[in-house]
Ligand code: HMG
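One chain comes next, on its own, written out as structure tokens in the form predicted on its own.
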């Protein structure tokens, strides 16, 4: 059977950024509470003419340009920031990208986990029809109430992945470990624009799901910890990946490097690099998320982008990926990095996009956060962002999008 997995991948984010040092100053907080306590430096914020559709299209457009649309018959958008209760956000993405009409387009939801469900569904489609390709896009905007504990962990981003036979980046292996439990650790009611979070319970539920998924993988005969070279985790904030790494070390009895910073000079007590715990790529996999903030469904795969872009010794290596979605679902899957992956790096483009974001003052940020756009009124959004795709407004209660 042909290898199946991720053939191409792209990351996109928003026009605006909030720097947590500015956030800390405005709130009279020590910046290290965020830099070290959360492992975060910044978080992306959409402009009024941006949302998950514009980010999704921006992430997918370079892939469509490079790879074309031949054999592309499925588009799956994974999100917990849906734009409509019925119509899939992917329908607007489909039009913006000029994709073929002979396609299925659907949306998947289960908190931050659903991009992995979409990836596994894509693998199943290609397994059945190896000549087909599937475009999977994870896109989200994390929003919490102003002055709430979750506010500094906000963020926004999208990751698009092309799933094919004989992929050029990552071959997905068939076994994975699963765990589900009904837990009210995080949710967003239909009448709320912000999420409700039980922070302590959410951490516990995450680690319980990791225990269950890892145990299930081992009981199925999946690879042992010493057969996995790198490990990625869902990152609602990058310090959570450190907690997960420590937890997995306890489950397996293997000492794993838990540093989440790439520079020893910036580690502030996290321990120097060198001899000691086994390095599984935790530091390099958190570089993008430190700057994006929480991108929900895209978070794990932003970590994959970061690892692929910054680790020069991955060819043939096995990567473990732990995906988590509150409510809750956990899955631990594995994949092999394809030799030659480094030829498809995107570090310069991603870094330039992150650097190009326009910082918001705290006054402008709070005003933007508080602004609500009811669907019951026609509205034209101001042109603020400079990207190729934008949310143009509302007409007749329908959302309008345009491509520059």
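The structure displayed is predicted, hence computed values, not measured ones. Residue numbers count along the first chain shown, from 1.
The form predicted together with the ligand is left out here; the points below concern that form.
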### Query
Would the ligand in the predicted bound form be within 4.5 angstroms of a non-hydrogen atom of every residue among 149, 240 and 325?
yes
#### Entry: Proximity of residue 83 to the ligand in the predicted bound form, heavy atoms at 4.5 Å
no
### Message
I'd like to know whether residue 202 contacts the ligand in the predicted bound form, with contact meaning heavy atoms within 4.5 angstroms.
### Response
yes
### Query
Does the 4.5 Å heavy atom contact test between residue 320 and the ligand in the predicted bound form come out positive?
no
### Message
When the contact criterion is heavy atoms within 4.5 Å, does residue 38 count as touching the ligand in the predicted bound form?
### Response
yes
### Message
Partner absent here, but in the predicted bound form, which of 123 to 131, 84 to 92, 232 to 240, 174 to 182 has residues with a heavy atom within 4.5 Å of the ligand?
### Response
232 to 240
### Task
Go through 111, 96, 225, 105 and name the one with a heavy atom inside 4.5 Å of the ligand in the predicted bound form.
111
### Task
Quick one: from 288, 301, 296, 332, grab the residue that has a heavy atom within 4.5 Å of the ligand in the predicted bound form.
296
